[in-house]
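One chain is shown next in structure tokens, namely the form predicted on its own.
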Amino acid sequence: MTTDAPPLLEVDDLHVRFRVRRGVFGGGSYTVYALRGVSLTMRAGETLGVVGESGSGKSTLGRALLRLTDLHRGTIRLEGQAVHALKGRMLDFRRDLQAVFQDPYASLNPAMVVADIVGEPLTVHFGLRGRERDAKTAALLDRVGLAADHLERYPAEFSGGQRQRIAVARALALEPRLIVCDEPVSALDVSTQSQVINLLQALQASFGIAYLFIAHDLAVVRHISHRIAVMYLGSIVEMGPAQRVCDQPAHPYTEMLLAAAPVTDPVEQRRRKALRRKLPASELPSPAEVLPGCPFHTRCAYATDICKQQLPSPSPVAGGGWAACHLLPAAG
């Protein structure tokens, strides 16, 4: 990863809203504020981990970047080009941004053999057919650790880890600049998880691919990510180098996530248990609510009056990155 190169991806003030009906037989509707002003940048060859509870907006962010979800407001730029201005060039955008989803069985067509699942993008985007397509498809399977004799099999004939390798091969077929990985290992057992993570890292080293890696497992995210973005209620509340965020969290929400993560060290277990006891027993507020002040103040053990009244601005953190919290010294 080169830190002095121009950003590969720039996201500015991204807002996503959904209208949800209250019931099947009427009763009106309400608005869910899924993303609330998300901004970030990514560079070529970088892995940005995105963590947060269910409902924090992680997957919505990934779908918004892939343009699978409409934006209410905000801009997405790929290598300086605004995505909304591409119009007829969306095929190029689709090549540059690919996805690997959580459930490979749901994202692979069960009626197609692997040769067609991986080979179809080669035909649509590059016009490859016949022996040329077959050779390229076999090479892609080999790259992800599968054999050429798997080409004529259906997804149901593979294990979960093998199916995820097929999904990775399909994404890799178009030589993308960025792959959105939405919980790509959460449905796999621990040993298979490490194999897929190692595969993703090897492909990144070989091809310079960037990953937006969405997950809830902080240990996995720390292992694969260069930086981590912590999301809460549709906003990024902390971002920084992976090691700093995990070892020295600056935002109380990040601290809460780490306190809930299992560890083997008994001393650390006791420390985290004591920390959990300090936290208010409350759940993630509804994304349909727009609370005044810091969105985390209803669950924060350190909240003061200003937290309930004023939205905090990002402040720089020692060790790199920033956090949006009134407990930190103001920037400037």
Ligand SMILES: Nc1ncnc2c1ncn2[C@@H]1O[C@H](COP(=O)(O)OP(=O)(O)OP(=O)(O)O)[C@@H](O)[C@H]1O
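A residue's number is simply how far along the shown sequence it sits, counting from 1. Note that this is a predicted model, so its numbers are computed, not measured.
A second form of this protein, the form predicted in complex with the named molecule, is not displayed here; the remarks below concern that form.
Colleague: Choose from 39-47, 302-310, 266-274, 56-64 the stretch whose residues reach within 4.5 Å of the named molecule in the model of the complex, heavy atoms counted.
Modeller: That would be 56-64.
Colleague: Please pick, from D134, D96, D217, E183, the one residue with any non-hydrogen atom lying within 4.5 angstroms of the named molecule in the model of the complex.
Modeller: Filtering the options by heavy-atom distance leaves E183.
Colleague: Is there a non-hydrogen atom of V20 within 4.5 angstroms of a non-hydrogen atom of the named molecule in the model of the complex?
Modeller: Contact with the named molecule, yes.
Colleague: Even though the named molecule is not shown here, does P287 get within 4.5 Å of it in the model of the complex, heavy atoms only?
Modeller: Judged by the heavy-atom cut-off of 4.5 Å, P287 is in contact with the named molecule in the model of the complex.
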